[in-house]
Ligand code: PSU
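Have a look below at one chain only, the form predicted on its own, in structure tokens format.
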Amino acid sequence: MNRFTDYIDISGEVLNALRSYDPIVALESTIISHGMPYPDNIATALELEQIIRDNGATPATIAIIDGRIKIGITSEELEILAQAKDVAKVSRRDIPSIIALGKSGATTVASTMIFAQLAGINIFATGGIGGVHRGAEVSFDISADLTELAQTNVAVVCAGVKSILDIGKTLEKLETLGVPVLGYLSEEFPSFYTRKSGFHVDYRFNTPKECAMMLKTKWDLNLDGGVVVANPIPAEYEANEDIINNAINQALSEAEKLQIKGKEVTPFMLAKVKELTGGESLEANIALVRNNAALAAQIAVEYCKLNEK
């Protein structure tokens, strides 16, 4: 007997949308607790939810609060995630321990996908997915996001992988795992803060409806696993490539000297790059996740329409 419902609290807004088969978009919570400083994190979280509503879907921000999986969080829970110092960063391996110990945790791409699928949500908006870290041939540091994409039926709308990672190796890994990588209005895979990376996507899609049709086809054929919808940052918010790359290289050097490893690498790198770019990277981060939220909602709306037929 499946008892996962014993661990989940679904907000009234999300529950109503599920019962009505209305479009829903999942949102992760590490962007709140580990991705942005206070109060930018709260402002961005609330703005993303409103963008999703404005585009015809219901937002479902996902987290673990006091050992309970939350599908849709309250303003009080948002404050906990934004300001508490003991909020864990939760990926697949961490889920049972954090819940069993009654702790609070912010969900990564991988754990957000898991909880979204449990709740019946299959469209998810984030900033960028994790991937293969630079130097992974020595460290073997590869994000659990990639293996989750291989097995969990959730489409992830993102601005590519975080540019602190090895983009080429990440795309090779996704190909090996059978994860489709779509470019939205682009043949080139974006590099998070910038629109280009020098690497191509598998297929270009030009409308939310086309993306939705691809998702329906994939899952109708029982081809389990997720899809990466790579949505480049709007051109007017694109960061300077040289400034970003120099900041990343300096941050990587500092992380190595400080022996920062594992899941602490990404929060350190994002904070350091923000510091070294004078905040330019944070502005770009906020702009790209707004863009992803809007597209995810539009795809969710079209996907629901297709499933009504």
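Position 1 is the first residue in the sequence shown; the rest follow in order. If you're wondering where the values come from, they're calculated on a predicted model, not measured in any experiment.
Another form exists, predicted together with this ligand; not displayed. Remarks below refer to it.
- The stretch from 123-131, 199-207, 147-155, 72-80 that comes within 4.5 Å of this ligand in the model of the complex, counting heavy atoms only, is 123-131.
- Comment: this ligand is not present in this chain, but in the model of the complex one of Ala284, Ile51, Leu252, Leu270 has a heavy atom within 4.5 Å of it, namely Leu270.
- Mapping the unseen interface onto this chain, Ser143 counts among the residues with a heavy atom inside 4.5 Å of this ligand in the model of the complex.
- Mapping the unseen interface onto this chain, Ser191 falls outside it, with no heavy atom inside 4.5 Å of this ligand in the model of the complex.
- Contact annotation for Ile31: at least one heavy atom lies within 4.5 Å of this ligand in the model of the complex.
- Mapping the unseen interface onto this chain, Arg195 falls outside it, with no heavy atom inside 4.5 Å of this ligand in the model of the complex.
- Heavy atoms closer than or equal to 4.5 Å to this ligand in the model of the complex belong, across 159-183, to one residue only: Lys162.
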